[in-house]
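Coming up is one lone chain in structure tokens, specifically the form predicted alone.
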Amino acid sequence: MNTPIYDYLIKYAGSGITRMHMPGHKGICMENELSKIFPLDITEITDAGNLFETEGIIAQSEKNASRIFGTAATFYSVHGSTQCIQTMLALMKYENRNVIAVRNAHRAFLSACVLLDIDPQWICPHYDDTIISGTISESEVEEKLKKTKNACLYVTSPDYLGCIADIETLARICHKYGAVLLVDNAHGACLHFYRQNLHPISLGADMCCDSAHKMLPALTGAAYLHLREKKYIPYIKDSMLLFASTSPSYLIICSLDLCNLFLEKEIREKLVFAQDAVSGLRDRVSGKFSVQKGTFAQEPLHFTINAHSSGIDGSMLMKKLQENKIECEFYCDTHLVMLFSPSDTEEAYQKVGDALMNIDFEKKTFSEKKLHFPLPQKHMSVREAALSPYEELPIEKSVGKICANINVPFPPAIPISVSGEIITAECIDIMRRFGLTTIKVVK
């Protein structure tokens, strides 16, 4: 497979051309490590193409990605899955669709709703002990779609804990009622390449985003936007440009170009090793820690420990791992998430296993009461509240106030109270668990 972007950058860097164009570093290496990449960092010059054009070396590389993933079309984002989410919702706005969203959506979804003036209808997952993850009721989805004409359903799968929804069933229900299924697959870029293909597009989703930088060897900000059908192709580039910088990073684009080569040549073999290694790690620590598997399925490289079920607070577990020079993706009081990738070697699995087995702690018993989180009452539109004058109050003094611009812990950036909603005592209880002490409310 060719790598048109990488090949062009290498050729240009060695061409000896005097650069009378941006960027200002002019491709000259300075006395620091970062500047070694300067010769490959360019802007939209002759023959370099443009991220938002349908021809050129970038479009050629995107076609390579589409072939590898088996999509109708695939497009690059240098602003992560955030820009992909904004683009998907913009397309739904063009079609005047009513947006139904499963509540454990990322903040990027809500920011897009502010920009596009979308007021989503919510479906709450059935939570156990955290708002980050929950089971989606197919019957509730179908009931909502029955009552909502010209709809789309927005689902986060895998969620931040790595739990995968039954996308195939959700797609079938959506299409039964003429609805479009959008999937935030930011944490699932490897799903097409495992022994069992669980990628949303392969299972019937109409559009999805993959954050290449989360799970694959690509630079931070690199993401794919995938389409199942061709009808949206003419509108994608213009929609992406609404939210993008007009100076996209060629280094990030190039990392996606090279990632395609990795996906075609190496990933399947590496994922066989990774899945076996994660399975072995799970078996090794299972007598000591409760490792999550997901209600329907679990993204294989998300190694999620239910800390409370294991008898330890998540923050304490994180601290002990840090003492062993291991930094994790996410932790809260109830859970801890470690992300493996196809790039990890056997040494990483061994080190994590040794650290977990050597951690000493006295097991505690935590309450197993299921999380109670009724949807708060909506008082204003998301956009109106997020753009209103606000004041920041201690959470204890915010009951009954209207949530302004959303204030969420990052990660996992899951909304507790959404802009425009009345803040409830249940919201405040959850905020405390995530260490939030203040919240912005509409004046």
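Worth saying up front: this structure is predicted, and the values here are computed from it rather than measured. Numbering starts at 1 and follows the sequence shown.
The form predicted in complex with a small molecule exists for this protein as well; it is not shown, and the discussion that follows is about that form.
Chemist: Using a 4.5 Å heavy atom cut-off, state whether H199 contacts the small molecule in the predicted complex.
Modeler: Outside the cut-off, so no.
Chemist: Might H226 be said to contact the small molecule in the predicted complex, defining contact as any heavy atom within 4.5 Å?
Modeler: Flag for H226 set to no.
Chemist: Consider Y250 of the chain shown here, and say whether it contacts the small molecule in the predicted complex, taking contact as heavy atoms within 4.5 Å.
Modeler: Taking the distances in the predicted complex, the answer for Y250 is no, it never comes within 4.5 Å of the small molecule.
Chemist: Taking heavy atoms only, is Y160 within 4.5 angstroms of the small molecule in the predicted complex?
Modeler: Yes, contact at 4.5 Å.
Chemist: Specify the contacting stretch among 173-181, 79-87, 120-128, 308-316, defined as having any heavy atom within 4.5 Å of the small molecule in the predicted complex.
Modeler: Heavy-atom contact with the partner occurs in 79-87.
Chemist: Please tell me which of H106, H192, H335, R97 lies within 4.5 Å of the small molecule in the predicted complex, judged by heavy atoms.
Modeler: Partner contact (heavy atom, 4.5 Å) among the options: H106.
Chemist: Identify which of S133, T74, S211, S255 has a heavy atom within 4.5 Å of the small molecule in the predicted complex; exactly one of them does.
Modeler: If I apply the 4.5 Å criterion carefully, the residue I get is S211.
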